[in-house]
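Shown here is one chain on its own, the form predicted alone, set out as structure tokens.
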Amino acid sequence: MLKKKIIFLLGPTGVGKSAVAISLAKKINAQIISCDSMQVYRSMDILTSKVTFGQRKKVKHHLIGVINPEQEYNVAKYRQEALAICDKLFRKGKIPLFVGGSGLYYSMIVDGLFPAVPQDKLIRLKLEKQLKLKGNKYLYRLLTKVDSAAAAKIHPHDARRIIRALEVYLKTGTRISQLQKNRVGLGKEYAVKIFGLNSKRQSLYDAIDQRVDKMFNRGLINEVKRLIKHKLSRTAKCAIGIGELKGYFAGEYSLAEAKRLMQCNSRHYAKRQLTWFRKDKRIQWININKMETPSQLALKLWKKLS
């Protein structure tokens, strides 16, 4: 019996995944499931470069703008909802096409979740107190000592994930990287194909800079002003653009500097995404030529699938 197909199209921010995915989805009778930790939020359309309603009319998209930015969301909820959508698509004879750049969301879909370890309020409070007193670097050094494998996958500034990894170790005596080895992935049940889009570094950085310029032209300032009137969730408030514009609103620097910071931080994020994805040898990379259109790239992918 042939296994049902699930396809992933990954890559760094700004590389042009959405346009290619829409063209590919038309060719293979697919619907798109967003694999983006920020696009799940409503009212963050410009900030997260969501596909337009016009694009969504061409191909149905899922898990875009499904919760309010004040609400907490996590990978476990994402995985549950995404796999439920896959089941619905299979019943309709459609192929699920996951598109995005959130490495953790991708990993939890394709490789599964590890056994849940409940939060421990006392341990968490102690770690959060240490974070305030001694900073990210101190906690990251602790994690490196007790679980170097986990530390290698976590950015030194990602306090939330550093605290979680330390919490699991202090609560169970088992490294989180060890627990993650007990995950059950999709490979046994489905035919999984994973593609990555990339371009030359300068071309990617130029595209990121241009995208940030377009965000400002489309009304990013007013969107962020509306957002920060609310108590945003821990994840939502980490979106690139919120912190940078808060500094501008507070008079700490000019609008030009806020834009420069956004461009710089977006480029750094793209670099971290590529570092994460390049560790995964299952990804088949497609290097984008400047002259290639999204439909031409989609044709390349279609031929690989065929």
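As the structure is a prediction and not an experimental result, all values here were calculated from the model. We call the rigid core the largest set of C-alpha positions that still match within 1.5 Å between the two forms. Quick note: we count residues from 1 along the sequence shown, nothing fancier.
Although it is not shown, the form predicted in complex with the RNA is what the next lines describe.
Contact annotation for A116: at least one heavy atom lies within 4.5 Å of the RNA in the predicted complex. In the predicted complex, the RNA lies farther than 4.5 Å from every heavy atom of N198.
When contacts are judged by a 4.5 Å heavy atom cut-off, R226 does not count as touching the RNA in the predicted complex. Although the partner is absent here, Y140 lies well away from the RNA in the predicted complex, with no heavy atom inside 4.5 Å.
Considering the RNA in the predicted complex, the lone stretch of 190-198, 159-167, 83-91, 140-148 in range is 159-167 [heavy atom distance within 4.5 Å]. Between the RNA and the residues I67, L255, I28, C238, the one pair within 4.5 Å by heavy atoms in the predicted complex involves C238. In terms of contact with the RNA in the predicted complex, the residue from V99, I109, I176, V212 that brings a heavy atom within 4.5 Å is I176.
Annotation for 254-285: interface residues with the RNA in the predicted complex are R260, C264, R267, H268, Y269, K271, R272, T275, W276, R278, K279 [heavy atom within 4.5 Å].
In the core-superposed comparison between the shown form and the other one, the C-alpha atom of C86 has shifted by less than 2 angstroms. Core-superposed comparison between the shown form and the other one: the C-alpha position of V75 differs by less than 2 Å. Relative to the superposed core, R124 undergoes a C-alpha shift of no less than 2 Å between the shown form and the other one. In the predicted complex, the CA atoms of L10 and A149 sit farther apart than in the displayed form, by at least 3 angstroms. The pair K171 and Q80 approaches in the predicted complex: their C-alpha atoms are at least 3 Å nearer to each other than in the form depicted.
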